[in-house]
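As structure tokens, one chain now follows by itself in the form predicted alone.
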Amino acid sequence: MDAGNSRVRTTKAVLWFIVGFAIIVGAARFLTGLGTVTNLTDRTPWGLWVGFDVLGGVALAAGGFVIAASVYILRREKFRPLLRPAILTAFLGYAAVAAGLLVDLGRPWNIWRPMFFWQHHSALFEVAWCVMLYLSVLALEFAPVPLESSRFHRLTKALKSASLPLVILGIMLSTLHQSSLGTLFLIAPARVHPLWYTPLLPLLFFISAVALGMAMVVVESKASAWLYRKRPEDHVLSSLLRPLGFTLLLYAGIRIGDLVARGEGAGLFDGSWESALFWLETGLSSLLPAASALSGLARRSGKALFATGLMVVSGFVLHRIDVGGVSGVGLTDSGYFPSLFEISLSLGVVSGAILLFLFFVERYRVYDPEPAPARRPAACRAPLAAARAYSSVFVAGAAIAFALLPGGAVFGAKPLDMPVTGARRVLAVEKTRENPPGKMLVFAARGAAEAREVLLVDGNRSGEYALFDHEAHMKRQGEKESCGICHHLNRPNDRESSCFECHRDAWQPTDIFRHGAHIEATGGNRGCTECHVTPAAPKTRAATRPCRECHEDMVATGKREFVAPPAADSPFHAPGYMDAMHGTCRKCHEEEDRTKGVKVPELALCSTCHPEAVDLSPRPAGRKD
């Protein structure tokens, strides 16, 4: 292979730049978490990495089992020149899937668990095992290629003699997990649009994987021939067009026929963006390439052959991405779109796999050798010069990525500022709760006879509110003596200060010590000694005079105090509003449950205060509220 021509050098430089960019983004993802580099949320936990890296990557690697089955099972020896590059593509494709999965998992260090903690009824468990086993099978299938030039002749001979059993095992594993990926989405109908959701998803995933495997072999072979300026294998690739065309027609017929049979055919022409996306995807993946393959257009032109394969690859990858999340954006009302860093990591994983492919192609007999050229090619740059050039673009990509990273990806994620406001007074009534048994407050209907005034606690106005019967709590806890249980600090010239006056942000701590106000009240810089009584000590809060010496009524007193009074060296950072609410209310409710001696919590439940649970479930189509 001519590894020094301009096409190879330019391609490698671009790939190394993308890998350098992705390395920095990947480091940020693993060091500071998913939230710093992705647009994923609790409502949309699966995005581009699952749709493209995992679902699309597994399908793109299907050429290995398709060509292996053709050569070893169907005895089509004319496809043997395509076997080694197809096996290598499949092996690197599955390795890229594993890398992408590690990036997507919230706790990637637990990826080994399916090997020891078996969930027999889980489709994902079956997929995990099949992918791990098939990756091992592909490694054994490809191992003779690099071992041919080594001293391990017996091992190479043994692996070659085991080719047929390995191929049969690989076909079984591929059939299982290619279809099971479709099974995985059958349990989430609310997250997949009706144009994509069907009980036939496992069958469609398998048929599309077969078609995509053949198309990927065409794309890989044509791209390699162009890159290394070698003779294209169009005479062999053209033999794939007829089975490819019929497979695509079978896929399109089953998919469209299933929609009509299930009464979802009207959605194909309703003018929505989902219907437009469906026809774009179906046209690219099956209708247009099937017409090209069966009409003879792709057979007559090498460019048309490559375009046909590329359409199939693009269309089916888009299908996997749509099933994996895009089609459900309207259902979940999430507005998800992958961030630049999600895209760059996906491209980085693919670029790394391509670089490894080129490495093996240039050093081992992946392709059949061609006759030596009549004239020696022009001398290329020395390996050291090429390494320096690739290192430079790698570092450039890494530097640009680091410059573009948000602050949270460098220093760790920080919550957004979310100021809070005080509670509002509303009317509510008590309702009997069946499971678990008890009473809970709900909004009163207009004119309800038993309605009484309660506090609506929703500091950041998120809609995840709690109803709090202030009067009833006072009576149960001891009237005025109980105020200090919750209102544990008084602001200057105030009594029973409301929570939001100190806990001023929903999530972040608030500094409640106003240094500037103290300077002004004590006469400017001359008043520093009022608090910093030891001149030699550092001017810090820990070395100041205790605040309660001046503010004697700062700490409220009550029958019980759940919040400890501030220490002399307290930094006076009030926790976030949510932490303050939960810390006080839940602590009191847990103590009440312990006092009653109940084994199952009764008061210490979310539903005790929140009449409506926090809604993270998908929303029905068309719902805007």
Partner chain sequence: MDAWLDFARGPAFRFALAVMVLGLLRHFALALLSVRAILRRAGDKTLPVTQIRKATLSWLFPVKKLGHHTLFAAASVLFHLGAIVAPLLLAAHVTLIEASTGLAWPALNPLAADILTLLAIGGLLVLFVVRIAKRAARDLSQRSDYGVLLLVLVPFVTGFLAAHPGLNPFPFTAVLLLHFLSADLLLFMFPFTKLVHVVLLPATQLVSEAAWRFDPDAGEKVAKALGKENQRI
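By rigid core we mean the largest C-alpha set that fits within 1.5 Å across both forms. Note that the coordinates shown come from a computational prediction; the quantities given were computed from them, not determined experimentally. Numbering follows the first chain given and starts at 1.
The same protein also has a form predicted in complex with its partner chain, omitted here; what follows describes it.
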- in the predicted bound form, does each residue in the set Ser391, Ala399 and His515 place a non-hydrogen atom within 4.5 angstroms of its partner chain? yes
- Message: Given the stretches 532-540, 117-125, 220-228, 93-101, which is the single one in contact with its partner chain in the predicted bound form, using a heavy atom cutoff of 4.5 Å?
- Response: 532-540
- Consider Ala387 of the chain shown here, and say whether it contacts its partner chain in the predicted bound form, taking contact as heavy atoms within 4.5 Å. yes
- Item | 4.5 Å heavy atom contact, Phe411 and its partner chain in the predicted bound form | yes
- With heavy atoms only and a cut-off of 4.5 Å, decide whether Leu416 touches its partner chain in the predicted bound form. no
- Query: Hey, in the predicted bound form, does Val192 get a heavy atom within 4.5 angstroms of its partner chain?
  - Reply: no
- Checked Thr432, Ser161, Asn525, Ser150 for heavy atoms within 4.5 Å of its partner chain in the predicted bound form; positive is Asn525
- Find the only residue in Val236, Leu405, Val329, Leu166 having a heavy atom within 4.5 Å of its partner chain in the predicted bound form. Leu405
- Task: Please check if Ser149 moves between this form and the one not shown, taking a CA shift of 2 Å or more relative to the superposed core as movement.
- Result: no
- Message: Is the shift of Arg514 between this form and the one not shown large enough to count as movement, that is, does its C-alpha move by 2 Å or more after the core is superposed?
- Response: yes
- Task: Determine, after fitting the two forms on their core, whether Ile168 shows a C-alpha shift of 2 Å or more between this form and the one not shown.
- Result: no
